[in-house]
Ligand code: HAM
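Here we start with a single chain on its own, the form predicted alone, put down as structure tokens.
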Amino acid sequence: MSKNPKETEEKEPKPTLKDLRTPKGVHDILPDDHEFYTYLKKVIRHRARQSGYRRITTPTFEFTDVFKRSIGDTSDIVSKEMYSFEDRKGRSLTLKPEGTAGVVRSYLQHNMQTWPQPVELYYIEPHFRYDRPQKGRYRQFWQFGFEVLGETDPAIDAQIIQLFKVILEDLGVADLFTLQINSIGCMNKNCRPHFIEDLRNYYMGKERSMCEECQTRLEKNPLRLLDCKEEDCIILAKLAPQMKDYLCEECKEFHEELLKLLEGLGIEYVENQKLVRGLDYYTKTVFEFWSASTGAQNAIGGGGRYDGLVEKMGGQPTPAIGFAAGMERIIDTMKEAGITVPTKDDIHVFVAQLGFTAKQKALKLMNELRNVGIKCVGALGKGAIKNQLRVADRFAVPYTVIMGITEVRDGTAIIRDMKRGSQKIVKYDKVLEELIEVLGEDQLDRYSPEEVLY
């Protein structure tokens, strides 16, 4: 007897959990963590509205040249960390590794230079870098950022630094970080180019004492030699020329005025001559917020001025400044500091029912409860009332509404106080009124389109 050919075909092996786990460097944001993300986003949006910033969202991927032209071919991001791919027409696209390049591209594409200046924008978005995963650093990560385009006054720099600090204060972590600040000058030949020339001359002949990466930086991006974390490179950097000795008069006056403005705002800072940032587009002001205990290893964000970037991307010369911060790192810091965040996810009422008619009434009641701001869930399966009450205990609800065959027949419902273990019978059409009274108006989560907008 011959076998059915279908029976002899090899079956595709069943995938294991290990085969389907998330790739290295990405992670799920589970409900408990979303409470932190939600709270952080609300703080950001609140402070943005107060300061006149409007939200922008740029595409998740752009043409690769947007980032190459803005960030610079010599930066670590472009040379080693971008997720790039070709579309079906052979065009190179890249998942955005940072936010400023896309904002500047959008500023030019949509003629924002015709808007009232300065243009103040903010974003809250995921970004992507092929980086070495470690605590607080992922290959897909969330950042929020603020950008101001069209104004060169150091008061703008002071305001944007203050905004960053105020957000950290709102989150309860400002005291855990120190503001590091520096000026890396401008492209005037007697300013940064002169410094870079002397910096390169200082390092020439010392290659054997430098890490492999810094040997490459010596030719491609000498400024990055100053912030290397390798021990031998740190020693070399201590004796290297300092940017402050090369600043042109304009950059020097700009930086001094900024520091005075920060002092006037009561913002403490550390002048850090080794702070250069990792992106090519920065000019003059650069700053970061470092962990007060571990320093640059746990910086949560930073930024600076990028006065030449708009022109570099094809626009007219336009001064600009911005900053970005990693949300995962901030949330990790909040957790380590024992900070809890308010939540609206607690359930008020569990609805238990038995029988089809009771289920109909339960569905109608649940809709009415939600419409007045009472958060509720219901057991809509066929389990016994006793089993449903066990589920209600797991939700930790203060009250459970019970409707069985008897209650349906009598037009009533049972409201059970889960903490006290007591219960009362009320008319079905009075359940809503009774629950509002016992919960209190201030506990209701009423829907407001105006509030949801923000």
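One-based numbering along the sequence shown. The structure displayed is predicted, hence computed values, not measured ones.
Heads up, the form predicted in complex with the named molecule isn't pictured, but that's what we're talking about next.
Of the candidate stretches 356 to 364, 205 to 213, 133 to 141, 190 to 198, only 133 to 141 has residues whose heavy atoms lie within 4.5 Å of the named molecule in the model of the complex. Taking a 4.5 Å heavy atom cutoff to the named molecule in the model of the complex, the contact residue among I161, A325, I374, A352 is A325.
For the options L275, I167, L247, I300, the one in contact with the named molecule in the model of the complex, meaning a heavy atom within 4.5 Å, is I300.
Mapping the unseen interface onto this chain, H348 falls outside it, with no heavy atom inside 4.5 Å of the named molecule in the model of the complex. Although the partner is absent from this view, E147 contacts the named molecule in the model of the complex, with a non-hydrogen atom inside 4.5 angstroms. For the chain shown alone, D280 is not a contact residue for the named molecule in the model of the complex, no non-hydrogen atom being within 4.5 angstroms. Of the heavy atoms in Y123, some are within 4.5 Å of the named molecule in the model of the complex. Remark: all three candidate residues (R129, G304 and R329) come within 4.5 Å of the named molecule in the model of the complex, counting heavy atoms only.
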